[in-house]
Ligand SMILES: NC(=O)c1ccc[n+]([C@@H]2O[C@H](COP(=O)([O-])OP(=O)(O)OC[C@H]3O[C@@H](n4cnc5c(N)ncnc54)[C@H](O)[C@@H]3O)[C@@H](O)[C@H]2O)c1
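Take a look at this single chain, the form predicted alone, given in structure tokens.
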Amino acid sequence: MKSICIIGAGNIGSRHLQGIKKVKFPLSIEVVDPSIKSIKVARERYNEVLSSTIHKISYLKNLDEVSKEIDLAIIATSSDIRRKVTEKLLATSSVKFLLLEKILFQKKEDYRAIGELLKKKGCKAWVNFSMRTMPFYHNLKGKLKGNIQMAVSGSQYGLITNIIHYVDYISFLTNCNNFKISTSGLDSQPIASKRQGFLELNGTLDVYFENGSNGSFTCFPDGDAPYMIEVFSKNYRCISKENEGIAQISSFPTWNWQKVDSNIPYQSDMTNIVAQEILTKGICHLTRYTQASDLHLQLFEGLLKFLNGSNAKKFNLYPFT
């Protein structure tokens, strides 16, 4: 029986757990979180999912209780403790495959340290940039030609929490990993994140890729402007309204607009697919750790420089999650 360990049973961790229950072969599942409240919610959400497959599941309070042999571990903690949790897990257990949530870590040195540790332990790791695996967005890659432009806008959607997804998606579409950012459109003062102890930014952040593609991402601090994603090139244009589950597409040569279903899946409908691929084939279509690490550092080193240039308070870490 394959074994899975989910560390962090908060909102995203509990959704991963729901997805794991949908895996079509029996698993030994361990869920780890020191919070009684989080474990309670995770247990309730797990029980909400109907499945004909019978899994063995355990809810644990600390990492010392997990199995010594783990096929797949999912680390869904906040960014401030992810390095510590990853190091402790790999020190006490043999882990074949690892899935990490973003934002990965808060310090530049963490990325190198964990990369070296994964290599040393022979642990294959991915980061959960799910946009590139969603069928609707995945299929756009074959339709867009030449340089690609992306624009995201809306009110209060969490610009920094989400922007790494968009950067990865442009990288996926263009096969280009190198970019620079422009922070001139960002609001100078950060605000408190919805997650206690972390920060967020509003305004506009522009990203310029080496191959000529770029992205512009705007988050308004108030109001109810709808959340919209536009992806376009010289031959194709797509406007995705995720909240409505629809998109409008238009293409050369007629440029007639057509409304289509965008079908953006929940995390609980994706984790099972990823886990089954990893456990049966040793691969998945998410972003490998090394590439994801490079994308993180290019983005967050620029944002750290912005924070320290526009605030009296100086930061020695990325205060985001």
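None of these values were measured; they are calculated from a predicted model. Don't overthink the numbering: it's just position in the shown sequence, from 1.
Although not depicted, the form predicted in complex with the ligand is the subject of the following passage.
Peer 1: Going by a heavy atom distance of 4.5 Å, is residue 20 a contact of the ligand in the model of the complex?
Peer 2: Output for residue 20 is no: heavy atoms all beyond 4.5 Å of the ligand.
Peer 1: Using heavy atoms and a 4.5 Å limit, would one call residue 71 a contact residue for the ligand in the model of the complex?
Peer 2: Flag for residue 71 set to no.
Peer 1: Given that the ligand is not shown alongside this chain, does residue 5 nevertheless sit within 4.5 Å of it in the model of the complex, heavy atom to heavy atom?
Peer 2: Close contact is absent here: in the model of the complex, residue 5 is far from the ligand, nothing within 4.5 Å, heavy atoms only.
Peer 1: Even though the partner isn't displayed, in the model of the complex is residue 110 close enough to the ligand, meaning a heavy atom within 4.5 Å?
Peer 2: No, residue 110 is distant from the partner.
Peer 1: With the distance limit set at 4.5 angstroms and only heavy atoms considered, check whether 78, 102 and 165 all reach the ligand in the model of the complex.
Peer 2: The answer is yes; 78, 102 and 165 each reach the ligand.
Peer 1: If we take heavy atoms and a 4.5 Å cut-off, which stretch out of 79-87, 171-179, 239-247, 136-144 is in contact with the ligand in the model of the complex?
Peer 2: So the stretch in question is 79-87.
Peer 1: So the ligand isn't shown here. In the model of the complex, which residue out of 276, 28, 35, 290 has a non-hydrogen atom within 4.5 Å of it?
Peer 2: The option sitting close enough to the partner is 35.
Peer 1: Could you list the residues in 187-226 that come within 4.5 Å of the ligand in the model of the complex, counting only heavy atoms and keeping sequence order?
Peer 2: Counting only heavy atoms within 4.5 Å of the ligand in the model of the complex, the single contacting residue of 187-226 is 195.
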